[in-house]
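What follows is one chain in structure tokens, specifically the form predicted alone.
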């Protein structure tokens, strides 16, 4: 059974000015900590307390914005503590706590030539100036070969536990037990260049950079399909009337493709015909924590059957 401890003891509440309450479930990321944040924010939304304006769950925390003329932040904290006592840590073991979401197939080319060219420009900012980001990630995570490390990265789906930093960027926590989690530090000094759609990894989170820019995550590959479309030219973005594709709570399966598979997707994107493959999923935290591999296999079967 997966580690369900989460490593947290009580939630720390802070105030941000007159309008915001920040709640830190844990200083360390874990799936149980995220499920706790999710259960509390969902209950808060269901109760529709007057004065609550916005609710934003995150990796292992959440933030709430209030209208201080209708609800004092101190009173909100008391409500949050009540909800915490009612659903809090039990979220990870409660079979009735489920998340209606979707699983998404995301083609990814690992060890691709384009991000490789960029990362080699910045070796003076890296912990391993003589290797590559994949070599470094494999070594510090105990893998004998880079290929074995790549297999681990693409071996299980990921849960989007936060959106942000730049528009549309999904923070993805791999759905595996804690002892199988990949972790890597960021660059010693950030790059001034990161390609659009680069697949990066920092801490315990995988990301896809929506646009070209600076960055400090280790670069492991590249996604051929856009996750940000300002003009909404691709059908997925036009139909949803959104410039970003991913949503908090999505499950992502990074499916490895070779260069031919990468080019095939790029051709569909150029023709404005690319569509992400998705399937609806009822994700149960308790079921996942009891049987991670079985839960993942069932979700993937639903996606690709």
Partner chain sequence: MSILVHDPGLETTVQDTGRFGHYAIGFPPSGALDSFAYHVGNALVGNAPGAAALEAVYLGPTLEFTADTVIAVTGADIPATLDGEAIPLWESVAVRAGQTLAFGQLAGGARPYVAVAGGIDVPQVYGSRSTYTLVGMGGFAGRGLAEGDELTLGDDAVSPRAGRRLADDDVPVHPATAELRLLVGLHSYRLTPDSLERFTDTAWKVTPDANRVGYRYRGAELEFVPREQPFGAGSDPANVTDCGYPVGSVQVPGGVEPIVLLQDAVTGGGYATLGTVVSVDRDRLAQTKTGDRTRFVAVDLDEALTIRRDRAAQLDRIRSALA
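Numbering follows the first chain given and starts at 1. This is a predicted model, so every value here is computed, not measured. The term rigid core refers to the most C-alpha atoms you can superpose between the two forms while keeping them within 1.5 Å.
The following text describes the form predicted in complex with the partner chain, which does not appear among the structures shown.
Subject >> Stretch in contact in the model of the complex with the partner chain, which is absent here, among 143-151, 114-122, 100-108, 185-193 (heavy atoms within 4.5 Å) >> reply: Checking each option against the 4.5 Å cut-off leaves 185-193.
Original post:
in the model of the complex, which of the listed residues (198, 134, 162, 76) lies with a heavy atom within 4.5 Å of the partner chain?
Top reply: Only one listed residue qualifies here, and that residue is 162.
**OP:** Flag residue 288 as yes or no: does it have a non-hydrogen atom within 4.5 angstroms of any non-hydrogen atom of the partner chain in the model of the complex?
**Re:** No, residue 288 stays farther than 4.5 Å from the partner chain in the model of the complex.
Subject >> residue 265 within 4.5 Å of the partner chain in the model of the complex, heavy atoms >> reply: Heavy-atom contact with the partner chain at 4.5 Å: absent for residue 265.
**OP:** Report whether the minimum heavy atom distance between residue 20 and the partner chain in the model of the complex is within 4.5 Å.
**Re:** Output for residue 20 is yes: heavy atoms within 4.5 Å of the partner chain.
Original post:
Do residue 139 and the partner chain share at least one heavy atom pair within 4.5 Å in the model of the complex?
Top reply: Close contact is absent here: in the model of the complex, residue 139 is far from the partner chain, nothing within 4.5 Å, heavy atoms only.
Original post:
Going by the partner chain in the model of the complex, which residues of 62-83 come within 4.5 Å of it through any heavy atom?
Top reply: Sequence-ordered list: 63, 65, 67, 68, 69, 72, 73, 74.
**OP:** Could you check whether the CA atom of residue 52 moves 2 Å or more between the shown form and the other one, using the rigid core for the fit?
**Re:** Yes, the C-alpha moves 2 Å or more.
Original post:
Against the rigid core, is the Cα displacement of residue 19 between the shown form and the other one at least 2 Å?
Top reply: Passes the 2 Å threshold, so yes.
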